[in-house]
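Below you will find one chain, with nothing else, as structure tokens; this is the form predicted alone, and questions on how it binds or moves follow later.
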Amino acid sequence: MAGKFSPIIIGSERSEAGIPAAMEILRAGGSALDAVERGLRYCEDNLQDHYIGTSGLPNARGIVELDASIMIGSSRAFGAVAAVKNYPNPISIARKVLEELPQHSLLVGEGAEAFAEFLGFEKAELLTPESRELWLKQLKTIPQESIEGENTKATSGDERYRLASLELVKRMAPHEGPWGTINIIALDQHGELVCGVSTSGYPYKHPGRVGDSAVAGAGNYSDIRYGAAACTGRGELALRAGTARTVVENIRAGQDPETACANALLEARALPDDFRAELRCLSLTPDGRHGGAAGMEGSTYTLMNEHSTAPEFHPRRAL
């Protein structure tokens, strides 16, 4: 990574809430690692976004569980947390896993929370009144008999059990409007390439569900030799197809970033899936090339470079 590189940063839809702050770090000569963490923290703290951080949509029990990961391209060091409750900035905890606990790469649930507490991270209530109302609205759309059962009387324990039932999870669906994981990929002036992902996961999911965002090679992958890639959308497909790693391998084989993303999505699309939903990906290379792909027209990704005065929006290739 000799010489000076031109800083650039890209992100998925809605990453514009954090990318300008991240670009400030890159312009000042800061690291891609700092930029990605800062950008995603801004997104996690954006109360208007219900798919990441504070105000994320809860699981079927009404509890917000967060996943995040971060990966360094030069070493392929990886840090991640999953199913984290009561901590609003999982991307920062994921970074600490990478830096302070290098013998591990992924912590989940109570273990991740204990690690965050030990390091002094502040707790917060993640379910805001608005996200709670969205959850309750979903519950009201479900036929009462599917929740109450026959000739039963709900108690607090019964209610918690029913809210976690498989049937309830199957019936609940995401709310209308923009939604999904947020990922940010940054190249700094030193040539380091870092990818980060943060999410509250599939809304109204079964408690304990972990998607692709916390798994290296699935929702997040960075290799300084070829490029970095990240996914949003149907995480189970990305897990099964290893989509982020596939994108990078396609670039390694000579494909441009946009084509690499599109072909990775086609591979995932070929898998049988009774719960199919759209999967998207984007990629950035060490020489500053970038691209993205999606399953529908009109999808975009966000970009800033050292000369940008505001976030730019680039189209993704539609399959």
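The first residue of the shown sequence is 1; numbering continues from there. It should be emphasised that the depicted structure is a prediction, and the values quoted were computed from it without experimental measurement.
Another form, the form predicted together with a small molecule, is not on view; read the next lines as being about it.
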Pick from 118-126, 209-217, 80-88, 100-108: which stretch has a heavy atom within 4.5 Å of the small molecule in the predicted complex?
-> 209-217
How about Tyr202: is it within 4.5 Å of the small molecule in the predicted complex, going by heavy atoms?
-> yes
Just to confirm, Gly73 within 4.5 Å of the small molecule in the predicted complex by heavy atoms?
-> no
So in the predicted complex, does any heavy atom of Thr181 sit within 4.5 Å of the small molecule?
-> yes
In the predicted complex, Thr232 touching the small molecule (heavy atom, 4.5 Å) = yes
